[in-house]
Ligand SMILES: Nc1ncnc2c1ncn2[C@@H]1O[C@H](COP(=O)(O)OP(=O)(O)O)[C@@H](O)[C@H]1O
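The chain below stands alone, shown as structure tokens; this is the form predicted alone.
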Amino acid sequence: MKLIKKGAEADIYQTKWNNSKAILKIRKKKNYRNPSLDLKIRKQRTIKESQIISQVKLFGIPTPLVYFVNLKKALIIMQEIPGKTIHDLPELKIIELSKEIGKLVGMLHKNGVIHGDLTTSNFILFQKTVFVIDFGLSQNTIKPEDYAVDLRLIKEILNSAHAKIMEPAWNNFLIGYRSIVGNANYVKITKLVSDIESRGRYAAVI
């Protein structure tokens, strides 16, 4: 077993499951919380994540298969997707695939799910298919404001991690997104993104 990522909420390991490469995600204990409350929170989040991974598959989102869930240890073992993260691809490829990412996010939102951590490291290209990973912060919601926060996050990521190609990548993302959610929802949600940005600028000035 090999540690591949230490996060604030969970540690991610590369492991094996029935002789196949797999990912083990273990939610960390928080010592500042009451132990029974801490276990309850970690259990709930583990259940929620595994449920949403399975749920979004039903409406066509490529995600890892969930192999095993242990609630007492707050862990999930899932399929390892062996491709490359979008973050690590050449710039022209990122621009091209941004439209597909927009479609995937649109499918999530159209079906009442926010991802909660939309970064280019949470999309993996494998055999011409873009997979979505890490649903640890995902939620079911019908609030347009929640969808706008999702969009605002990926826009920030494009602006910080892929500044040179931010504009064409973001434009392609929006084309893909609008093609799924429809024009009326697109206008409403992108206006909310602008509202969030304007509040941020106002707060910075104050």
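Numbers for residues come from their place in the sequence shown, where the first is 1. The term rigid core refers to the maximal set of C-alpha atoms that superpose within 1.5 Å between the two forms. Just so it is clear, the structure is predicted and the values come from calculations on it, not from any experiment.
From this point on, the text means the form predicted in complex with the ligand, which you will not see here.
Participant: Which single stretch, out of 167-175, 133-141, 34-42, 149-157, brings residue heavy atoms within 4.5 Å of the ligand in the model of the complex?
Facilitator: That would be 133-141.
Participant: Only one of L97, M78, A74, L108 comes within 4.5 Å of the ligand in the model of the complex by heavy atoms, so just point that one out.
Facilitator: The residue in contact is M78.
Participant: Taking K103, T129 and S179 together, does each of them reach the ligand in the model of the complex with some heavy atom inside 4.5 Å?
Facilitator: Judged in the model of the complex, none of K103, T129 and S179 sits within 4.5 Å of the ligand.
Participant: Is D195 one of the residues lying within 4.5 Å of the ligand in the model of the complex, judged by heavy atom distances?
Facilitator: D195 lies outside the contact set for the ligand.
Participant: With heavy atoms only and a cut-off of 4.5 Å, decide whether V113 touches the ligand in the model of the complex.
Facilitator: Result no; V113 lies far from the ligand in the model of the complex.
Participant: Heavy atom to heavy atom, is K5 within 4.5 Å of the ligand in the model of the complex?
Facilitator: K5 belongs to the contact set for the ligand.
Participant: Taking the ligand as it sits in the model of the complex, is I189 in contact with it (heavy atom to heavy atom, 4.5 Å or less)?
Facilitator: Residue-level check for I189: no, no contact with the ligand.
Participant: Determine the residues of 102-125 with a heavy atom within 4.5 Å of the ligand in the model of the complex and present them in sequence order; the list may be empty.
Facilitator: Residues within 4.5 Å: S121, N122, I124.
Participant: Taking the rigid core as the reference frame, tell me whether R45 has a CA displacement of 2 angstroms or more between the shown form and the other one.
Facilitator: Yes; that C-alpha moves by at least 2 Å between the shown form and the other one.
Participant: Taking the rigid core as the reference frame, tell me whether I189 has a CA displacement of 2 angstroms or more between the shown form and the other one.
Facilitator: No.
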